[in-house]
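This document contains two forms of one protein chain, each encoded as C-alpha cells and listed individually as structure 1 and structure 2.
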Structure 1
C-alpha cells in the first residue's frame, strides 16, 4: 500500500533527519561555546587597552607578591613562608593565612608555560588569569544549566554570564584577586553536585569533592557551598524528594569534603569546629536517619512498621533531647556562638558596625543601593522572576536547587555589595532558563503557523514521536521514584500517559500564539538582548576598567595621567634602605610591600585590630605623641595620601574618621567628639584645635599654601584652617608631582635633652660639649 510504504520510507529518513539535526546542533553548540569563551576573555581586556597591563587595586598586589615568591622559591618555601616585611614587628605566617588556590593556579600556569619555553613573565600571567578563568566559568555555567533545563538554556546562560557586569567588575584583566578563580570553582562544584544528583554516579561524587576542595583553596566564600547544599538536601527530604541519588550526592561530599577542607592550612580544624560547618553535619545525620527509616519501611510490613515507629519514637526522643542539650551547651559557651565575625556580619547586618569597626569600614562590605543592582545585572533583574517560575513548571531536584540558590544569594547580596558577585551566576542561570523558554514558545508558535502543510505534518510526526518518547520517560521516572513515594501519584501518571500524545499535539496547536505577535515578541526579545550587550560593554569599558593605581582625567587640554602612586613607591624603592620601615594607613600596605619592597606596619589583611588602632592613634595624635608611637615601632618613613590639590576623593583625610574610630576603640584617650564640629569632621577655620594639631592634618597640608596661595582643598571644597605651620618631629622628603602621595621622615631623637634629664648622669658630661656648639641661636624644638 502506498500509505504504509511512504510511512515506512518516511521513518528512516525521519530518523536520519533527526540524527543529522542532532549532530548539526552539537557542532553548532560547540562553536557557540567557543565564541562565548572568546567573548568572555576579550570583554575584560579594556583596562589593558586603555591603560596598560598592570595589576589593579590593593589586594591583587599581595597575591602578585605571593606568586612572585612562589615562582622564585618553589612550593615548599611557599608553604613555610613567614613574612617579616609586613605587620612589623609581628610578621605574618603566609603559608597558614592565605587561601592558596589563586596563587597556586597562576604559579602552575606560569611554570607550565615556561617549561614549554613560552617565556611569559609572572606579571603577565597574573594579569590574564582572571579573563581566562571567566571563560571557564561561562563554560561551567553552560554545563550547569544544561543539567537543569537543556542545551538551549545552557547556551543562553553562558552567554549572559560571560558579559554580566557584576562578574566583570571583579575579573577584569589585572584584577588578580581570589574571586577570579573562585567563581569558576563555585559554578563547577554546583554543576558536579547537580550532575551527581541527576545520575547517581559515585564517580561524579568524587569529582564533586575535588572541585569543592579547589573552592576551599580559593576563597573564604566556600562556606556558602557547604551551607547551601545541606539546605537543598533538607529541602528535598522535607518535600518528599528523597532518593538514593540524593544520598550518593551528599554523603560522600560531606566526609571527603570535610577532610579536604581540613587539609587547607587556612581552614584547618575550623572545618569541624566552627558553626559554619555544623549545618552540613546536622543534615548528614538527618539524611542517615531518613535513609534508615526508608530502608526499614521497605523491608517491613506496614503494621510492623507502625510498631517500630512507636518504639523508636519513645526511646529515640529521650536520646535526641540529651544530645541536643549537650550541643546547645557547647555552642552557647562561646561568645559568638561559634560563628566567625565575618559570617556573623552576614547573618546580622548590624553586627559589624556595632562591634568590629574594621569590617564596617571596608567599602565593599556596605549594603548595595538599588541602582547598583540595575548597574550590575541590568536586564537580568526582571528576567530572574520569570526564570524562577520556569523552574517550577516541571520541578525537578536540579531546578529546586537553582531556586534555592537564587533565593539565598539575593538575600546575601542585599547585605553586602561584594556578594553581588555570588548572585550574578544565579541570576544568569535563571535568566537563561527564562529567555530560552520564551524563545522556545515563540519559535514553536511560528513553526506551527508557517505556510506549508508538509512541514506541518512532518513536524507533527516528529512532535508526536518526541512526545511519546517523553511520555515513556515520564513513566520510567515515575516508576523509579514511586518506590519511595505514595502510590497515588504513579497511578495518576499511568492513566495520563495513554491519552497524552494526542492531547499534547492538540494542546500544542491550541497554545500557538498568533504569528505576527510571536514574530514581534521575538524581535523584542532580541532587542532586549542587544540592549543588555550594549550596557555590559559600556560598563566594562567605562566603569570597571580603572586600575585605580593610575588615574586619568580629561580636560580641555587633553588627557592627564596621574601616576603618583607608582612614582612614590619607586622613590621609596630607590632612595631608602632595604630595612627601613614605612608607616601608612592599612589601605596601602600591600602596594608598598609589593612595589616599594619595604617593610610596613599594617596592611590590608587587617587581622590585628590593635596594631591598626596604634597606627590610627598615631595619625590622630599631636606631633610629639605620634613621633613617640612611631619611634617605638622603629618606623622611619610615614606615607600619606592627599587628594586636595587635584580633587582625588579617596585620600587619607576622607578616611580619617575611621582612624579616629578604630583608634578610639582601643585607646580611650582618642575621643571622636574632640575632632567634630557640629557632628562633622572639618578642616577649615571652624575645625577643632585637636583636629588642626593632629598628625594627619599636618602631614597632609604642610606647605600646601605654597601651591596656590590660598590653600584651597579641592576635595573638601574649602580653604584649610591652619595654613602656616612648621613640622617639629618630621621632615618632608618627597611629594609626588600632583601632591597625591607625601612621604615624611621621622627626625632622629636629639642627642641631648636640655632641662630635666631623663638619662643617667654619666651621659650628660659627654653631651655638654655639644650643647655649647648648638645651644645658641635656634629655639629648641623639643621642649
Structure 2
C-alpha cells in the first residue's frame, strides 16, 4: 500500500515541478529575446559611432526627402505631391509612384515622439528606423521558427538573424531604404500564415492579410509572398494535406489581401492585372474545388460521391480552363507577357542584359559570386542543408513551408545579389533548427552518461514522458491545430510507452552518442558560433558601416576621409540659383535633389528609359553635340564623378559603357563598338577616337595631367590617352578636394561666338545667312 500512496503523492509534485520549469523557461526565453533585440539594434550602430549620424547610399536620400515633406505638410499633401525638381521637364507624382510604407512608418514614429515631447529631428528618426525594425524582425523570426520547431529553435534563429551580415548590409543606422521595414513585414506575414495554418483561427487570418498589406506598402518584393504561399498551398493539396485550416489560412489572404493591396496607389489594379498575381488566383480556384469535393464526400454515399466528383471535377476543369484562357489573353496582349522587367529578369537571368540594359546596369541586380555567400551568411551556408533535413523529421505543414521558402529564396538569390536579403531569413531559420536539434542531441547524450545523473534517469524519463503526454493531450484536444499529424501507429506506440518510463529511458540510453564524441561536437558547435559572431561583428563594423556619402581609406600615414560628395552638393546649394538644372548620371539624382536642393534631369527612380538614354547619349557624344542636347533640356550645370586620382572605382568612367548601351538602345547612332578597341574598353593611348572625344572622357580628365604630370589613372592603372585638350562649350566651375566630383557649367552661345577668331565680313555674313536659312538653331540635337 505504501508504494501506491507514494506514487500518488508524487504526481502533484511532478506537475508542480513541470509548471515551475515551464514558467521559468518562459521568463528566461523572454529575457533572451529582449537581449537579442538589444543586440540586433546595437550591432547596427557602428556607422554612427565610427562616422556620424548621416543617411547612407542613394535611394535613402529620396526617402528622407519624402519623409521631410510628409512631416512638414501632412498626409494629404503627401498623396497629392507633384515634385517638379525631378525628371525635368516631366516631373513626378510622388504619392502615386512610391511604396509609402517606410515613409509613413518613420513619419508616424516622428509624430508620436514629438507628441510625447521628445523633440527628435526627422533625420534622426530616419537614421535609426532600420536598427529598430531589425530587432522586430528578430522577434518575428523567433515566432515563425517557434511555430515550426519549438522555442529552442526559435531563439537560435532569432539570434542568427540579429547578426547575419546580409541583413546588416541593408539595415545599419542610416540605411533608410524600403528593406529596412520590409524584411520584418515579410517574416511577420509568413509567421501569421503559419500560425493560421496551425490554429485555423480566422483572427490570425485577418491579421495575416493586414501584415501582407503592410508588406505591399513597403516593398515591391511583396510579389514573393503572393507567389510562395500559393505554391505551398498547392503543395499541400497535391500531397493530400488539405484541411479546413489550410482553407482559412489562404482564402482570406487572397480576397482581403488583394483588396487591401489595390488601395496602395503604386500598385492599384496591378494587384489583379499583372502576371505576378495570377498564380494566387488560380490556386484560389483549385482550393475551392478541392474543398467542395471534401464537403460533398462527407454528406453523400460513396456511389453518389463518385457521380458528384465527376460533375464537380468537370465543372472545375471548365472554370479553370476559362480562367486560364482569360489570363492567356491578358498576358498575350502585353509585350512583356504581363511581367515586369525585374520579374522577367528573375525568371530569365539573361533577359535584362538582352533587352533592358538599365536594369542590368545596377550592381545589385547582378548575380552573386560564391564568396559573397560566405561573406553574407558565413557558416550558415553549411548549416542550411542540415536544417532542411531536420524539417523532414517529422514533416509538417509548417516545416514544408520552410523547405519551400529556402528552396525558392536560394534560386532567387543566385539570380540577383540584392535578393540575398530574402534568402538570409530562410537561412537563419533552417540553421537555427539545425543548431537547436544538434544541441539537443549532444546535451541529451552527455546527460545520460555523466556520473551522478544516471541514477536519476528514471525520474527524468518519467517527467519527460509525462510532459510529452501532456503536450500530446493538448494536441489531441485541438486536432485541427496539430502541426505534425502523428499517425495511428505513432499514437499507439506513445500509449504503450507511457506506463514504461524505464524502458523509454533505456531506449534513449541506447540512442545516445558516445560521451567523448558528444563533448567534442558540442565544443565544435560553440566554436562555430563564436566564429560566426566574430565575422558578423567585423562585417557590421568594417564592411557595411561606412556610408557611401563619406568614404575612408587607410594607408601608412593613417586614416584618410573623403567628403567630396557633400562638398560638391554644398557648393551647388550655395553657389547656384534655385531654379538651375543639374545634369548627371541617374545614380546621383536623389542625392543632388535632397542635399543640393536643385532640379535634376534624371534620378534613381529610372521610370523613363528614354530620358535616361538622352543623358547617356549626351555623355557619349562629342562636346558640341552634348552641349546642344543639354541646352535643349535647359541644363546649366553638369556633374561627373571621377575616381582616377584617389582610386575610387565606382566612378562615371567605369559606368560609361552602360551609358553607351542605354543611349544606343534608344538612339541608334550611338554604337558600343565605336568606344571599344578590339573588343576592349580602353582609356589609354590605344583608345578609339570616339572614346577620346566624347564628353564623359573630357569632363573626367580635363586638367588631369596637372595633378602628377603623367595623368596616371589609379583605377584603370594606366596613363590616359589624351592628356592636353581644352573645352570649348563647357567651363570648369568647381572640383572637390580629391577630384572625386567635378562640376562644369554650359557656356552660353554668345560667349562662344565672341571667343571665335574674327573672319572677313563677307564670309561671316555669308555663314550667318546660311545658318539662318538652314535653321541650325532648330536642328534636332539627338540625330
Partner chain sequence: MGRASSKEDAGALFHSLRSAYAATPLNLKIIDLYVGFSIFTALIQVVYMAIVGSFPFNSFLSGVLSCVGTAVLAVCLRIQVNKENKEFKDLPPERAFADFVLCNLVLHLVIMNFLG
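In this text, the rigid core denotes the largest set of C-alpha atoms whose superposition between the two forms falls within 1.5 Å. Keep in mind that what you see is a predicted model, and the values were worked out from it rather than measured. Numbering follows the first chain given and starts at 1.
Structure 1 derives from the form predicted in complex with its partner chain, whereas structure 2 comes from the other one. Once you line up the core between the two structures, the Cα of residue 307 ends up 2 Å or more from where it was.
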